[in-house]
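Okay, so we've got the same protein chain twice, two forms, each given alone as structure tokens, structure 1 and structure 2.
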Structure 1
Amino acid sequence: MNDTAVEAKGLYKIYKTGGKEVKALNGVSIDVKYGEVVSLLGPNGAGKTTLVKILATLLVPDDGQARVGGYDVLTQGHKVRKIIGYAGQDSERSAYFRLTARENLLFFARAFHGISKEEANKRIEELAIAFGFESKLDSYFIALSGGEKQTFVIIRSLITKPKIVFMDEPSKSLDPVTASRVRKYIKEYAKNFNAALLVTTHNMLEAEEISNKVVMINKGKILFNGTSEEMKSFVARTESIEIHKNNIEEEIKLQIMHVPGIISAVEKDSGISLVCKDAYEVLPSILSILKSNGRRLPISVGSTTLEEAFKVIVGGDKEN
């Protein structure tokens, strides 16, 4: 059996809007193997949702090829839809408003996938317990909150026990507890069922927690494809300096950000995070600036996070 569940080669998608052409995908190639979770990272408008929708047969590419579960997404779309799970961002239009969550899930499982009522109910209960959704199963869909509708969409994508799952920002609108449950379940699901999951996210910590592989996309192009650790090495930034103070004067910030050896500086609520190749080489200059301005601030040295690597890669893409 081929261990590649999803394979895309040279995908292009162009949107025409306001008399202009926007390349949502510009020759994208990607693969996802059974048993792994791949996180698709990128800023808004990078092409993440377009790619997932093409793979889920919801959009047609302008050029390129893609196979899901061995089936061609263009010529065998009906077979692709039978074997995948899909959780998109259209939760408001994902169910019948006048049916309960349970009734919607039963209808989906039985009418579209032929799962017996007994087995469908069993799976619904199992997934509801896993995501803390038990008390909402018999609520009308229209009465659910945005986060609850999103949880419903995730449950629906998994109820058929698919071997291939596409999730477009699954933690969007979820409270922290439910989001944590979803991340844990996604990771275990891929391992336990030898399933392939492609997940788009803006949450760097989420990607680092659940992923076997990270794919960075920006302006329709793949900028990086590898593990989160490889991504950090890819940008050759292995250290960071944290200055822990949330009210540093602008003049001091500017002096620090222009210290030679600092590649990027990210302002946080707790202070400033400085990305550099050698923290101990630039640290004396930073301490000198603080001392000359009469400031003694808490400073720590650590490893570069995936979020910092993300910002360096995206910020380094100068193409217009």
Structure 2
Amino acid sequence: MNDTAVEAKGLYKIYKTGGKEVKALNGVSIDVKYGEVVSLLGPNGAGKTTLVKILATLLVPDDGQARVGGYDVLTQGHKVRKIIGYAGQDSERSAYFRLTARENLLFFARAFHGISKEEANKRIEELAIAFGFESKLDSYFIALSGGEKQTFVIIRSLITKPKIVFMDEPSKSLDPVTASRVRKYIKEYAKNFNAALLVTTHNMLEAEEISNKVVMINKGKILFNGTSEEMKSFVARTESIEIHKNNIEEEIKLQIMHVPGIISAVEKDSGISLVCKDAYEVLPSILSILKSNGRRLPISVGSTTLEEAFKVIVGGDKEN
């Protein structure tokens, strides 16, 4: 069996709204292997949800190809939908309010996926225990809190024991204890069932905790794609240079941002933040630019954290 569960190549998607075109995906390629959790990181509007929706057959790309479980998402959508689990963003109202959580789960499992009542009940109990949801199973859906509804959505996506799961910001609105349970379960699920999970998140720590691979996306482009270890190593080898001065002339800023060795740059209220692999290697060039422009500004050098690296990389992409 091919060990690649999800494979996307050169995906493009443009939305046309109000006479304007918004490029949601700009040549995105990604792959997720069985037994792997891949976190898709990026700011709002980066293209994460669009990518997940294309893979879940909810949207068609303008160009590019994608296969899920070996099936083409464009021509074999029904087969794809049979093997995936899907927990969409803003889905926390997507059930029958007048039914209990258990009745809703039973209904979706039986009517939408054709699972027997016994099997569905067994699975509901298993998942409810895993997520600490047992006491809420017989509550009306309308009476659940936002976080409980989100837990319901996650449970629903896993009820068929799918080999491929797409979750769009699953930990959104979850309390820390439930979020931790969800992270633990996702990690174990991929391992125990040899399942592939693509999870979008804003939470760097979550991505670090659950993922075998992290993909950073912004403005529809992949900025980083590698294992958690590669990312840690990438970040560990990354240093930051802060130039503490606002109102730096545009011309000087542009010269600094284009110094060889600078990975990304972002303008902050307090100055400019630059990410590079070796600060001492690029500092002479920066000092030379400042000196030639007659500026003597306070500069500091430090190492970037994972979260800062994300902000700087994504922010730098925004700037550039």
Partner chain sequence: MKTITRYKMNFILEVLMSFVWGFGLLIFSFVIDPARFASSIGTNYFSFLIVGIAFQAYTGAAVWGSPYEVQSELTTGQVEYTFASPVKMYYYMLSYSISQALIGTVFDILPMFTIGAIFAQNLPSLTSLLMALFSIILTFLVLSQLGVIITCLLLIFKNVSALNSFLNFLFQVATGMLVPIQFMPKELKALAFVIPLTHGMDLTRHFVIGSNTIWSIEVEFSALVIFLILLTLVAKFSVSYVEKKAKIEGLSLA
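So that the term is clear: the rigid core is the largest set of C-alpha atoms that superpose within 1.5 Å between two forms. Numbering for residues begins at 1 and runs along the sequence of structure 1. These numbers were taken from a predicted model, which means no experiment stands behind them.
A.B. asks: Just one of these is the form predicted in complex with its partner chain; is it 1 or 2?
C.D. replies: It is structure 2; that copy is the form predicted in complex with its partner chain.
A.B. asks: Taking the rigid core as the superposition reference, indicate whether the CA of Gly27 shifts 2 angstroms or more between structures 1 and 2.
C.D. replies: No, the C-alpha position differs by under 2 Å between structures 1 and 2.
A.B. asks: Honestly, after the rigid core fit, is Arg296 moving at least 2 Å at Cα between structures 1 and 2?
C.D. replies: Comparing the forms between structures 1 and 2, which are aligned on their rigid core, Arg296 does shift its C-alpha by 2 Å or more.
A.B. asks: Would Ser180 count as moving between structures 1 and 2, using a Cα shift of 2 angstroms or more after superposing the core as the test?
C.D. replies: No; that C-alpha moves by less than 2 Å between structures 1 and 2.
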